[in-house]
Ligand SMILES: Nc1ncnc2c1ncn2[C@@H]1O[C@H](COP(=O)(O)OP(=O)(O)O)[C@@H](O)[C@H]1O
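Single chain ahead, by itself, as structure tokens, in the form predicted on its own.
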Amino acid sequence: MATTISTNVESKDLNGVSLIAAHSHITGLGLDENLKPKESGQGMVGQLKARKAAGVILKMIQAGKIAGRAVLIAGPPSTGKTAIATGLAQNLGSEVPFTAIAGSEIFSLDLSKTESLTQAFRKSIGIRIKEETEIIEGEVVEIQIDRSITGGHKQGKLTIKTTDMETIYELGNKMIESLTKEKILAGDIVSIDKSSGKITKLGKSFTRARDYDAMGPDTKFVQCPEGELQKRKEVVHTVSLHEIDVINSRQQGFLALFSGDTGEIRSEVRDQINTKVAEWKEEGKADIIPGVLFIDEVHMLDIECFSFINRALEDDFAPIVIMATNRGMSTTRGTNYKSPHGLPFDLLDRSIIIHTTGYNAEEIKTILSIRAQEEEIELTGDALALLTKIGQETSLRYASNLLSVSQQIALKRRSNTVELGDIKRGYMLFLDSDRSVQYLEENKTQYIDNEGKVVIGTNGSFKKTGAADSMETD
């Protein structure tokens, strides 16, 4: 019976510096096994109804049998729409394709709007390809390599065993180079792919554990394999439809994936790939994994894009499309009429809509605490209380931005703790949108208006007002 191995390997660069972004603290939707949202979990706070609805969508996606659905997350700015999508992506893991784009991204000079959307759609559909391969797996007993005096052709023998049998294999130049490159020694447990000749070191044998005086901390000991030396294994590769498109449409093949020079891909190529993938699915060689396409600021798309999405959702190879917008009744781009959320009625009718609402004081306080912890900022109780009040009266985003600037103000006075005075000073130095609008209203004559008019002081400079002076006192 063939066993299954997967080629998906997660690797993390431990030496790299990971930057803290707006949603770095989110690791999931914060739901229990019954899809009940926790008050605070996995970085998510509040929005209980919206998160529970997103949990239902999550189960639909994980089932892998539902595609071509549209979900709209609508709500005022700074109510966690993108955070919910990020949490959904984290819960899905690396196996399910998740593509995130902004509505304005598809307006490119290089690609047409429909081509940009098509590529985004096909990036969100995964193909799990299965193939059987023969491998040799066992413990290396001895390696003999005969090098000629002239440095020409090399010959060698590899003695390898399992608990039940032992065999000697003749080695060619390529295999000898691979063994040298991988630093294979007697006592190593190795896996050799017969078709490609690739050698993978699995670890060192437990039976040789006492033979080594010095070992590194990453030395891995494994049991000697049992049974036959040669085994059949099922290898699983997961790729997206877009990657298959690129490989088959360019002379340089897969190198186009790294250069980013995908260009326009002909529809004939895609049709042939769709036919082939459908054949693989019928033969049991491949599984289709419907993923997620997340379009943020979807109101930025125009009527042509919306028409294309409407049609693309009916395709056999369609992902689940999740859209987010903060618009109310607004004009649909490319038309003269207004519609809810700036989306045409036919697409709106096709979508299931999740609404987000504003956060209360306690939720804002919890979110700011989580952000402070993520950014490694120590806050006093008074500073957190003031920051919460600012978040209530202005916006959560503004309060989050004050966190980092207040930390810099605290460091300037050689303190690692952000106190009440640091928050106040940050609030005075950086205006929120309401105070900025108020300042513009009070000093509108000093700014160039729609007609190009502006009042200049007699000395060729702008005349200061009491409001401007008061802003510079601190």
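Note that residue numbering follows the sequence shown and begins at 1. Since the model is a prediction, treat every value here as computed from it, not as a measurement.
From this point on, the text means the form predicted in complex with the named molecule, which you will not see here.
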### Query
Of 420 to 428, 37 to 45, 54 to 62, 441 to 449, which is the one stretch near the named molecule in the model of the complex, taking non-hydrogen atoms within 4.5 angstroms as near?
37 to 45
### Task
Using the partner position in the model of the complex, report whether R333 sits within 4.5 Å of the named molecule, counting heavy atoms only.
no
### Query
Can any non-hydrogen atom of T79 be found within 4.5 angstroms of the named molecule in the model of the complex?
yes
### Task
Evaluate A70 for contact with the named molecule in the model of the complex, applying a 4.5 angstroms cut-off between non-hydrogen atoms, and reply yes or no.
no
### Message
Just checking whether F306 would be counted as a contact of the named molecule in the model of the complex - the rule being heavy atoms within 4.5 angstroms.
### Response
no
### Message
So the named molecule isn't shown here. In the model of the complex, which residue out of I26, L31, A50, A410 has a non-hydrogen atom within 4.5 Å of it?
### Response
I26
### Query
Looking at I320, I189, A89, I367, which is the one with a non-hydrogen atom within 4.5 Å of the named molecule in the model of the complex?
I367
## Note on the structure
Restricting to 336 to 360, the residues within 4.5 Å of the named molecule in the model of the complex through any heavy atom are Y359
